[in-house]
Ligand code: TRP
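Starting off, we have a lone chain in the form predicted on its own, written out as structure tokens.
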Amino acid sequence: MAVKPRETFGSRMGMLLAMAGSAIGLGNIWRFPYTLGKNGGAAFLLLYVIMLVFICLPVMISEYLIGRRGASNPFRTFDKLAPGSKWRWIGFIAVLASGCILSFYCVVGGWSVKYLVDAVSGSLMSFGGDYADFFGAFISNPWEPLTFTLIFLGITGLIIAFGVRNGIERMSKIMISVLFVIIVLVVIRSLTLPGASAGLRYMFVPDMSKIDANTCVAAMGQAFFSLSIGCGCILTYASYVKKDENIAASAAWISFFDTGFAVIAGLAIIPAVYAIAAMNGVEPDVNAGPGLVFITLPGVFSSMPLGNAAAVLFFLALLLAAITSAISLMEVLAAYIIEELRKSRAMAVIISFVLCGVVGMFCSLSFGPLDGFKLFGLSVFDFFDYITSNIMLPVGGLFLALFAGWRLKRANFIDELTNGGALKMPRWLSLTIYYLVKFVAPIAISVIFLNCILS
């Protein structure tokens, strides 16, 4: 079957919003607040920003640069840029990482569908009991969470089926705009609660004694996860970007959007948790882990005026954020299947749905019937979360930096970065980016990664 000419994004704003949507997802609203809570608040945030600027942004530029230059799926991109070499398998690992992430990601996406439905119906706020019991009863049920997982995966596949411009770009424009408005409304409500200032201090007044090796690993893993670096999302989206786009500026804007939104998500959650804890005379539970959004927050919403409206808005925002990232993950799989297996886009979506749905089923059931089944001491869900965030993404980012800094010639790197010289970029800036990619990022990733493995 002949492969159709590759699509491109229709506009710069559409491209930026699509890439920002890939970064702005559950990593920001679900994962960032509880990771911040587990790792010392403001100290973690400071370290996160440092990791992003000096490690993740250069790697992101590398992935963007490689993707646009190769103009193919991750596997074929490396084969085109380094013919006959083994670098192609780095692209395959990126495809595999996307599939692994989407497989457990769609489970959490299904949870957001469930909570939105219950918030709209009013049953979430009328529960009246311990929300840990509510959440536990839901995820341990063998069928209900699996059903919502497949619904979420189906919505994602439907968007992908419409293609780059009519599906990904169009829906990203709508969802990111709505998402921003909603989350700002929730932030306003959170910050106007009595006692919210304690949450602000936790987020923005750092205690440097909280920083250790584990905090460094967590900050880097969160930055890679949040920015979708190393799993082929940026590389695949970059393959649809026109040749006159400013790579460095686009990457900087996407990183800025992502970090800003992560902080905004934290402002929507952390101050509210502190405020309600103060009202009830208890210690704030910001260290609740993955259950922060699904256990702690419903209790917060049920204790505040207009809590049901806030719950509906928040879980709608959570769902929209989950979808914008999920479509970038599924597009990596779809692009590979379309170009390497010569399948239509519709068939690629079906295959991706089936593969991720099957693995997602085991991830979902690991909270219920498969609760006792362990992989290296971890549940199936936690296993996929751990190996992707702490191993596959950093390793993928490391090889992206090595390829861009060492396999591509410096002249080719600068040529792509400056759009063949058409973009008037100061030489010191282009060389700084190049040497950050060539030396700083690989060394920093290797040191932090090895420390994680040996500790």
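So that there is no doubt, residue numbering starts at 1 and follows the sequence shown. On a predicted model such as this, the values are computed, not experimentally measured, just so you know.
Note that the form predicted in complex with the named molecule isn't included here; everything after this is about it.
Every residue of the trio L26, I229 and L329 has some heavy atom no more than 4.5 Å from the named molecule in the predicted complex.
Comment: the named molecule is not present in this chain, but in the predicted complex one of A272, I101, A219, V164 has a heavy atom within 4.5 Å of it, namely I101. Of the residues given (C233, V107, L333, A268), C233 alone sits with a heavy atom within 4.5 Å of the named molecule in the predicted complex. In the predicted complex, at least one heavy atom of L393 sits within 4.5 Å of a heavy atom of the named molecule. Under a 4.5 angstroms non-hydrogen atom cutoff, the named molecule in the predicted complex has S325 among its neighbouring residues. For the chain shown alone, F225 is a contact residue for the named molecule in the predicted complex, at least one non-hydrogen atom being within 4.5 angstroms. From the list 412 to 420, 425 to 433, 27 to 35, 64 to 72, the contact stretch for the named molecule in the predicted complex under a 4.5 Å heavy atom rule is 27 to 35.
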